[in-house]
Ligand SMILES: Cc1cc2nc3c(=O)[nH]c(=O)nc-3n(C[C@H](O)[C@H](O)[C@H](O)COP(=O)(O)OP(=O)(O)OC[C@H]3O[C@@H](n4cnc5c(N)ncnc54)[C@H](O)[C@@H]3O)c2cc1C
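In structure tokens, one chain follows: the form predicted on its own.
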Amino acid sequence: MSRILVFVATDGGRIRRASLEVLSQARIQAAAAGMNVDALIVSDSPAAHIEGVAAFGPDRILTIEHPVFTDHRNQPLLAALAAAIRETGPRAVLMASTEATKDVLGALAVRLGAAAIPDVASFKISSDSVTALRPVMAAKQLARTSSASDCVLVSVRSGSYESVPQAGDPPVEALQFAYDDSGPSAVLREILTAGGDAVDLNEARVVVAAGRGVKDAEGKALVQELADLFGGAIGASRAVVELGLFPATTQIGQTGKVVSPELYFAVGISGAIQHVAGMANSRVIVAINKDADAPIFQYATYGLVGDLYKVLPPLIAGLKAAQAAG
């Protein structure tokens, strides 16, 4: 029986939400096509993630354990993925389109002689081909791409599918993996994160993003207060990052991060296509802008026309009152 292999990415001791979205969709398509789904965990301690992966219904869980995976490096991950794919011979290999997989996808395809379809918004697997829709031209258009290769590697954008649990008790199989780390290799010097107690943008269910309309410390404080109310993450457009109001780690857009929260506040963001490319998959978008003709309103679920300095204080006060009332 043909198999689908799903690489389940982990970060900071947690399973990446986007990987569970991919695993859920793989399970649905495999059931329709008469295929089986293997979930692959590559970690220095894969046992910590088995229960979380099993809750999403793979037919089998494969693990690769090695101390080299304590922190992400491209070469060890590339070697592990190649070894697992050669061992299992899947029809398709699916993974979330994270920073890590973007680094290794092309090299992995070359190493295996496989086809690669990166950063897709949707995919369809059949016995003889894999077809996908990919956002192109800063997500203004969708390109249909297909491959009939024996093995097709597909990375899927966060938020493209829902993560749907399905209880099960899949068998767990440890794959043998040896890695020689003594030769010349890339050396990990530093990992840059948002720092402190900041919520990870990639995993946040609520994101409050600041645009050019946020002009000073007062506006920044309002954005922070709104994010704190939801336990959410702070994002920013390229314009305010370049002004130095927000760190580069918060930038969302074509040249920044791609996010897909359940709730996205676009505060003072005009809606340039370069920014929209990074947040269009958000479930609910609330736009606040004093320009009623701002392009962001074309994408918004709800729109508030007004000066953010006048709109946010009563909005925050109302939300606080609602939370206090339970």
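Predicted, not measured: the structure shown is a model, and the values here were computed from it. One rule holds for the numbers: they count along the sequence shown, beginning at 1.
Just so it is clear, the following notes concern the form predicted in complex with this ligand, a form of the same protein that is not shown.
Student: Are any of the heavy atoms in G253 no more than 4.5 Å from a heavy atom of this ligand in the model of the complex?
Tutor: Answer yes; at least one heavy atom of G253 falls within 4.5 Å of this ligand in the model of the complex.
Student: Since only the chain is shown here, I'm wondering whether I288 would be in contact with this ligand in the model of the complex (any heavy atom pair within 4.5 Å).
Tutor: Answer yes; at least one heavy atom of I288 falls within 4.5 Å of this ligand in the model of the complex.
Student: Does this ligand get within 4.5 angstroms of any non-hydrogen atom of P90 in the model of the complex?
Tutor: Contact check for P90: no, nothing within 4.5 Å of this ligand in the model of the complex.
Student: Although the partner isn't part of this model, could you tell me whether P313 comes within 4.5 Å of this ligand in the model of the complex, counting any heavy atom of the residue?
Tutor: Outside the cut-off, so no.
Student: Which of 134-142, 162-170, 231-239, 108-116 has heavy atoms within 4.5 Å of this ligand in the model of the complex?
Tutor: In short, 231-239.
Student: So this ligand isn't shown here. In the model of the complex, which residue out of N36, T63, Q29, S270 has a non-hydrogen atom within 4.5 Å of it?
Tutor: Filtering the options by heavy-atom distance leaves S270.
Student: Have a look at A280, A294, A54, A300 for me and say which one sits with a heavy atom within 4.5 Å of this ligand in the model of the complex.
Tutor: When this ligand is considered in the model of the complex, the option within 4.5 Å is A294.
Student: Using heavy atoms and a 4.5 Å cut-off, decide whether K215, G306 and Y309 all contact this ligand in the model of the complex.
Tutor: Verified in the model of the complex; spot residues all in contact, yes.
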